[in-house]
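Next comes just one chain, in structure tokens: the form predicted on its own.
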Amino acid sequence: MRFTGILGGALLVSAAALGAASAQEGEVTIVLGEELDLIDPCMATRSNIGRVVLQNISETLTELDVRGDAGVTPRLATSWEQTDDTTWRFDLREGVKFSDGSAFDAGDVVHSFERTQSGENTCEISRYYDGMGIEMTAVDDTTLEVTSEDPQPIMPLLMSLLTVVPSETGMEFTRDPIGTGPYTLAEWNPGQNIRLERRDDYWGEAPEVTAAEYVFRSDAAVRAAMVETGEADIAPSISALEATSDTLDKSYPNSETVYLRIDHEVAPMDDERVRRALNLAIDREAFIGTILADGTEVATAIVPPTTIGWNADVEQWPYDPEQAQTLLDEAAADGVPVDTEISLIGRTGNFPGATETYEAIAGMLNDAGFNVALQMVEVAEHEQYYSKPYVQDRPILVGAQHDNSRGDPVFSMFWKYDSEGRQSGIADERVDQLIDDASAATGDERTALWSELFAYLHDEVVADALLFHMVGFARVAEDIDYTPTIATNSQLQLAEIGLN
């Protein structure tokens, strides 16, 4: 890979000069809304990184079929079986090589998992395995054994998140990712572009796309215009306001849920009345069809309605600023410091209309009697507020999107709500027990336990301020054959792109 710093203006080539012809030559230009501060495979569950890395550079053992109904399908693993309640055995694909020429084997998988758990980095992937007590053993080069403290009946699905790197990869973050995927990182100019190029020695079928250039534009209107004028081929995320073309624009069922994470340990958010007032003060319906797209749904859980255990009996919070003010007055009369300034932290570019959304929410909260100051930050700074240890020198609401496209709450619930979860704002014994029980259950029992947990978190704990289940829009050039899916917000496989 060639890594360079900021290029001088004389070296920049206009995408307009390349875009129109790029698809004919097998190359595509993809315009993203956020720059990448990292490109490590263990960070591929973050949307802006996953769209570049996941299944392009780095592959996983399994993959969830989001274009059909095949369920969990093979990738680097060819088959798997559960040998007892807490043990799974995976047979790995033979003859696979990393892009540096080294052979892929079970030891690489073990190392990849251990690397996500290392204290020498802050790998996002590790959060999906928190609390499970997972251990991996290389039985031989092509056989992997995975054990857990408690039964994990969806272990094959859990393995669809673990990106595999060579055993030689250090524990610290890498800027030169080596993977088994069909592409290599050829160039990274921070803040400007990233280039992937197709491998000649990939173990699978060769994709049509020979190279992909990723560029970054924070303005959704600019991203949409670049595709329309031929400067780019795909803009996987544009706003509803820009989705005006019947031929170029495609909607897709976004798996993201927007919410405000509340830290229950810091006053005044440690008072349930204040948390209820917070939820009552937000007019969620007012955003739909205005800042956010028609089809956006008001959220009552951290996962979309396609997830098992979804509880349709949980009612969304009504908009009632008068009742919110009454609850704040009651709390104040009991000595709760409701007039304390609360910081609302939003992530710039997290979704189209993010800044406008958080500005409006801050205004609604202030109108209802809260004292809220909005602070919009870039992705790297946002993480400092989003994950433990939390800043607790003042009450903070963290505005965020959570992606769960895999259909099971296990990918969300521990790290979002367990007492030990790294992005949890609560500590509740019943919640912890329900998460443990549901994670180990199967069939109808698993569904019922998750459903019970959703209702308890929303109605009794008032864990957070759930806002919206999002709708996504992508703009795709006419000479590109690509249909976005529920996974498009977290990955964009170049192998799924056809060239007309």
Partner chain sequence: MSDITAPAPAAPNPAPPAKSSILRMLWADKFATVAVVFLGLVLLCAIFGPLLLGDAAGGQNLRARNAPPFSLERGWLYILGGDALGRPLLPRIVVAAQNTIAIAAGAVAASFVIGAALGLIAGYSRRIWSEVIMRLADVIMSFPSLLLAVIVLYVLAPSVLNLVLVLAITRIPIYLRTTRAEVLEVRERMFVQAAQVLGASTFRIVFRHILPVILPTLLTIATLDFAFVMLAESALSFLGIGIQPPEITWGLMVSQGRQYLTSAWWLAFWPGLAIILTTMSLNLLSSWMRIALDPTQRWRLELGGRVNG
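Since this is a predicted model, take the numbers as computed values, not measurements. Numbering follows the first chain given and starts at 1.
What follows is about the form predicted in complex with the partner chain, which we do not show.
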Requested in this report: Go through 170, 71, 318, 363 and name the one with a heavy atom inside 4.5 Å of the partner chain in the model of the complex.
Outcome: 363
Query raised in the report: Looking at 106, 260, 291, 134, which has any heavy atom no more than 4.5 Å from the partner chain in the model of the complex?
Result: 291
Query raised in the report: So which of 355-363, 75-83, 301-309, 89-97 is the stretch with heavy atoms within 4.5 Å of the partner chain in the model of the complex?
Result: 355-363
Query raised in the report: Would residue 374 show up as a contact with the partner chain in the model of the complex if we use heavy atoms at 4.5 Å?
Result: yes
**Report entry** the partner chain contact at residue 139 in the model of the complex, heavy atom, 4.5 Å
**Finding:** no
Query - Contact label in the model of the complex: residue 380 to the partner chain, heavy atom within 4.5 Å - result: yes
Requested in this report: Flag residue 247 as yes or no: does it have a non-hydrogen atom within 4.5 angstroms of any non-hydrogen atom of the partner chain in the model of the complex?
Outcome: no
